[in-house]
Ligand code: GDD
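Heads up, the chain below is alone and in the form predicted alone; it's given as structure tokens.
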């Protein structure tokens, strides 16, 4: 069995963080995001993985290599132009002519993939879509199922009076090779709007899997990118545990670092600095009385004396000046420099 990760997106909703860093390898708790998807596949015994790339593919391949450091075999395919989700799957068909798990490249989940595959096999399904329940179904396209798990229909952001379920497409599929025959070659083609409606019309064995108590989040916006860090730091993700929260770094004895925070290698934390429920990448420097709270700071950023970063994301190699305030909701791109006493975000009188 094989896997295909659709990792070609530009990550436009995450800009400016993704200007220089492709979304599939943005750091999540100081690990490239794709490694969490690779872990999910490896737990299910799947080690033959193809990455479908488009945006800055060389950076991804240079970072992950052949996968041997992570216990898998990685291969790469680069779309000549955006092919759509199903089009990218078709483009990679020379590498995946057997049953394949397909992941959208922006979903972090602790899904029990073994159970999904077993159910797919027991049903003799041609295709299985994993669904996830959501609190606000009006904002999504919904998926209705029959009592036996067959997919009945897809509802694209229906009116409130037509909402009968709260389950959405979770971006994880198990597909038999025959599915490739239903996708046109060399064209932009979508799972959601092209292939899946076609499978319904053909009355193929097309099923849904609705997991119980599974964590699922799309990391593709700054709000959710920050949220996934809070969830991981708080151990709210059942099958993903942070083993090491402390790298090798220097810290003054009177600096304050709470138990939840994660500190990368080669950081320097000066007297009076405070780090609360936050992640610091490698090589960060916090000067005296700097405070970082509920935030994510990428490597090699310097936070000046008495500066404050709260509920924010700070990119790589930034400089935050003395007594500056980076307020809630702020997202600073790589190499941003804030002069002393700068205030970002909402300013209250």
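All values reported here derive from a predicted model rather than from experimental measurement. Residue numbers count along the first chain shown, from 1.
Missing here is the form predicted together with the ligand; even so, the following discussion is about that form.
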Segment assignment from 110-118, 164-172, 268-276, 202-210: heavy atom within 4.5 Å of the ligand in the predicted complex: 164-172
field: residue 3, heavy atom within 4.5 angstroms of the ligand in the predicted complex
entry: no
The ligand contact at residue 333 in the predicted complex, heavy atom, 4.5 Å: no
query: Can residue 88 be called a contact residue for the ligand in the predicted complex at 4.5 Å between heavy atoms?
result: yes
- prompt: Can residue 53 be called a contact residue for the ligand in the predicted complex at 4.5 Å between heavy atoms?
  reply: yes
task: Check each of 104, 261, 198, 214 and return the one that places a heavy atom within 4.5 angstroms of the ligand in the predicted complex.
output: 104
field: Sole residue of 82, 71, 186, 177 within 4.5 Å of the ligand in the predicted complex, by heavy atom
entry: 82
- request: Using the arrangement in the predicted complex, list in sequence order the residues of 197-213 with any heavy atom within 4.5 angstroms of the ligand.
  value: none
